[in-house]
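Following this are structure 1 and structure 2, which are two forms of one protein chain, each written alone as structure tokens.
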Structure 1
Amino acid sequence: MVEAVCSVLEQHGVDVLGRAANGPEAVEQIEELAPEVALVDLRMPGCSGIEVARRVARVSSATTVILYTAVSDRALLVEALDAGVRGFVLKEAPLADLFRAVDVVAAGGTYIDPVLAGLLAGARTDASSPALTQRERDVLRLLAEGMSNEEVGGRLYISAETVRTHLRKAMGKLRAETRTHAVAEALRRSLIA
């Protein structure tokens, strides 16, 4: 499997510097060879691809990690983005996508597989989270910045009383006891940033 991918990549003009059978070995080789791009599997013996990415970020800033995996999970994707992964290719995707990803990442960009990209946006349609109105989100966002009702009202050109109304509605929807609870829930559910 590994051999196959390497040979195909080399046929496409990519220099394959090294290959590893497990996580720690991968980190070791990446540190030693300092490649531009590292193709990493999500599931591998020793430690996960995300863990590899995290260590690579600390050790070799010249190297960018691409996850080449069969798994498509939004939480993992977000975690990997945080870990510094800049490419996501599904194993079921056409090989052309893999080459494209390597090109893009080598040039410093970020490539996300179409299917995973759909997940990123699709999460917004998550039915488990109640829909907040634009105004409610505005209020929560500004409260999260440390503003009082009065200050939020000033920013949104509405009265502090109206701010309280929006907040109370949001608290009801989020089943929150306090404003702090509401903001925390909104953040956890990515309803505000």
Structure 2
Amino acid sequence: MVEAVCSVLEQHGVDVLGRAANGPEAVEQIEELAPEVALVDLRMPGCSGIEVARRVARVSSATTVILYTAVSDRALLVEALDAGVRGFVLKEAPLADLFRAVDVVAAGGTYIDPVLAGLLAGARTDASSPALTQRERDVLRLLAEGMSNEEVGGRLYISAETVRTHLRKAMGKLRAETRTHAVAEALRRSLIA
């Protein structure tokens, strides 16, 4: 798949600087090669495309990320936007859309596959869902993975007390009685994935 996509991009005049088989390799190549645009899969071995985007944002402000995905999950797309992703292309879309996305993002714009645009617009305008901060969503997402407050703090480089503060605020916004209830509400409302 990687070779086919690279071949199509090269046929359209895009210089392909590197190829990676997994998330950590992608981050390493992006750091080393500093491309204008990095096209990454949402689901990769080692770490997700969203995590790649987060790491890239920390180390290479010159590189923008496009997610190439078969997933049309609202919570994941919102999380990707918050991580700095500037383009979304569905794998089922014509390959010409992929080239168009690279072109638009390289020019400083944002490209969203038309199929995903409705999901993202709904995610941003849904008044029935509380507005959790990115950090509150990060805490709830890690708690959903079964981590303790201390483990969440270690992953996010914050204290366990700060984790508890974010959790309390999220619980209030979600009108949840317990941390488990807060995680369940966030998952049910597609605020986290």
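Whichever C-alpha set is largest while still superposing within 1.5 Å between the two forms counts as the rigid core. Throughout, residue numbering runs from 1 along the sequence of structure 1. Since we're looking at a predicted model, the values are computed, not measured.
Chain form predicted on its own: structure number out of two: Of the two forms shown, it is structure 2 that corresponds to the form predicted on its own, while structure 1 does not.
Residue shift check between structures 1 and 2, rigid core fit, residue 153 Cα at least 2 Å: Comparing forms between structures 1 and 2, the residue 153 CA shifts at least 2 Å.
Yes/no, residue 26 Cα shift of 2 Å or more between structures 1 and 2 with rigid core fixed: No, residue 26 moves less than 2 Å.
Did residue 15 shift 2 Å or more between structures 1 and 2, C-alpha, core superposed: Comparing forms between structures 1 and 2, the residue 15 CA shifts below 2 Å.
Between structures 1 and 2, C-alpha offset at residue 186 (rigid core aligned, Å): Spelling it out: core superposed, C-alpha of residue 186 shifted, distance 13.0 Å.
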